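For reference, the chain that follows is the form predicted on its own, supplied as structure tokens.
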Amino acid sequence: MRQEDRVTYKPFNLQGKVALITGGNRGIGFGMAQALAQSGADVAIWGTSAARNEEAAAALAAEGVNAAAWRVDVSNEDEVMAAMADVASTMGRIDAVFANAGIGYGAPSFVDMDTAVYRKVMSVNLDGVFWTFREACRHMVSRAQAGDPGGSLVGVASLAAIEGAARNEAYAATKGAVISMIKSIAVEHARYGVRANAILPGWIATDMTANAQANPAFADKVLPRIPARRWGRPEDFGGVAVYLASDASAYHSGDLFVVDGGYAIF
């Protein structure tokens, strides 16, 4: 067989699959969405900005797949429930769900962190993931009971879940909770062919880290601690997203995927 006639490892071919990415119109979410589309998956994205949703959906559709966007605030349970049902109806099925939407509010110190900030972070980063995965499981379990098992749930957590994140106690608490939720889902839903895993990003250049990117002290003190010696980029999450959405990961569940350029081990 000629080299040019060879095809990609077949389990990585996502044709026929539908992937949903919350917070998928920019940053890590869009980086994953692009890779999923380039691997043949139809893609649904959720975001709170209608303009960004439209732009992202158009870019994904240009990859030759079916792509659509929904304006969804994941901190609103009713919106999550309605949108999940609409995605399943519109796209025909849901095979992989990436709970990526999140916010990163902190405070000058723990004692200065007020309850309003705490509740806001919890509502998006934890409640939103809980409702997203609950509704995704509802769809996947129903599909399995009808004779079509399988599915992948991926929570985007953070290194803050496993390391000390000063002045970010609320954020860290949500990301640690996401990991625990993922493990529970993985155990309960394996019988339906559903697996659940978490991705833990390190220092990634996105809108959320704009202040750190512009901080000279960060460049002097933090970047040298990253063995890769650079900020991560949204496209660095494409490979792991494709793997977790694909049949190649059918027996891989309850795990943590650290994507940080080696920061956590240095």
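Numbering starts at 1 and follows the sequence shown. Worth saying up front: this structure is predicted, and the values here are computed from it rather than measured.
Keep in mind that the form predicted in complex with a small molecule is missing from the display, and what follows is about it.
Site residues Ile28, Thr48 and Thr206 are all in contact with the small molecule in the predicted complex, judged by any heavy atom within 4.5 Å. Partner contacts here mean any heavy atom within 4.5 Å of the small molecule in the predicted complex, and among 140-148, 94-102, 183-191, 81-89 they occur only in 94-102. None of Met113, Ile179, Ala173, Val124 but one reaches within 4.5 angstroms of the small molecule in the predicted complex through a heavy atom, and that residue is Val124. Looking at Gly40, you'd find every heavy atom of it more than 4.5 angstroms from the small molecule in the predicted complex. In the predicted complex, no heavy atom of Glu169 sits within 4.5 Å of the small molecule. Taking the partner from elsewhere, Ser158 is found to have a heavy atom lying within 4.5 Å of the small molecule in the predicted complex. In the predicted complex, the small molecule lies within 4.5 Å of some heavy atom of Asp73.
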